[in-house]
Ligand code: FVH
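Read the single chain below, which is given as structure tokens and is the form predicted on its own.
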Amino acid sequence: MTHSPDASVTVLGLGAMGRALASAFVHAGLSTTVWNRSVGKDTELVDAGAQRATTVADAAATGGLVIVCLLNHASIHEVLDPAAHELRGRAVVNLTSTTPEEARELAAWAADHGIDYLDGGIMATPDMIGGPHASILYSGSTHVFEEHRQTLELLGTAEYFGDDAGLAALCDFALLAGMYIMFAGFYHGAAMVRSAGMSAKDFAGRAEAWLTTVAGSFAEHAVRMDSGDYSTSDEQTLVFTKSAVDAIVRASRDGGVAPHVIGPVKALVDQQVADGHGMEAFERIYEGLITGQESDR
């Protein structure tokens, strides 16, 4: 069962993302109550039809689904702990960025207070919310997800990972780790070519095409990683990779670029070669990432 589009919702936290979430609900015609610790951030929302709550307890008393979008794990407790009684029996969806263990702690806290808890990881920027490219990952209460899915899908595509409240955050952070490292790699490359007078904008066109192409090989790499078999008959061994990465580090330094981004990759490759895996495939550095040391495979 899903709620109809005229369901009510409360949004706690009106930073850039919180305002985007609340705006999507308001424009969809939902009865939307908003609260923020500092004043003034709700003006446009209230003008558009949202109801202002002056306290969290007042916001919680309005009924409906409660969406929490705050700064961090600590701020969630600061805001929700005093209102735990008012939230008893309610469905709470946390869209604050929290670690998997923090999400599990919040789920346990919610259970202790009779609160039905769903955790979420937002795979979108504020301007994407409500659009076709926004995606939000969820885990925790199956009941909350199924009961409120129609409302949640007003924000973006909703994907459910199961009743372990930490799974959505885990996948969210894993994807963001890849994103940040990709951008850092782009910034490193742009810094390298700047020494030859190429602008970051000119480099961006080349980098986007190249990275899009090589990203198509992720699935192929994943097969090797899942199998644990890194034997290879081609020339792209770790010894070959080490030579290439060493040269990139030298070229970076020659161009006045610090090896902060490429350096950790070099360290992973160097360790694998030193441990006797030089004739195996590059994907084997994955094993060196498991708890920062060699896995049992």
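Start at 1 and count along the sequence shown; that's the residue number. Bear in mind that the values here come from a model prediction, so they are computed numbers and not experimental data.
What comes next is about the form predicted in complex with this ligand, which does not appear here.
Q: Among 89-97, 106-114, 217-225, 184-192, which stretch has residues whose heavy atoms lie within 4.5 Å of this ligand in the predicted complex?
A: Residues of 89-97 come within 4.5 Å of the partner.
Q: Is it the case that S38, even though its partner is missing from this view, gets within 4.5 Å of this ligand in the predicted complex, heavy atoms only?
A: Answer yes; at least one heavy atom of S38 falls within 4.5 Å of this ligand in the predicted complex.
Q: Heavy atoms within 4.5 Å of this ligand in the predicted complex: does M17 have any?
A: Flag for M17 set to yes.
Q: Looking in the predicted complex, any heavy atom of A124 within 4.5 Å of this ligand?
A: Looking in the predicted complex, residue contacts with this ligand include A124, since a heavy atom lies within 4.5 Å.
Q: May I ask you to state whether L70 is within 4.5 Å of this ligand in the predicted complex, using heavy atom distances?
A: The answer is yes: L70 has a heavy atom within 4.5 Å of this ligand.
Q: Quick check on this chain: which one of D164, E159, E101, E78 has a heavy atom within 4.5 Å of this ligand in the predicted complex?
A: Only one listed residue qualifies here, and that residue is E78.
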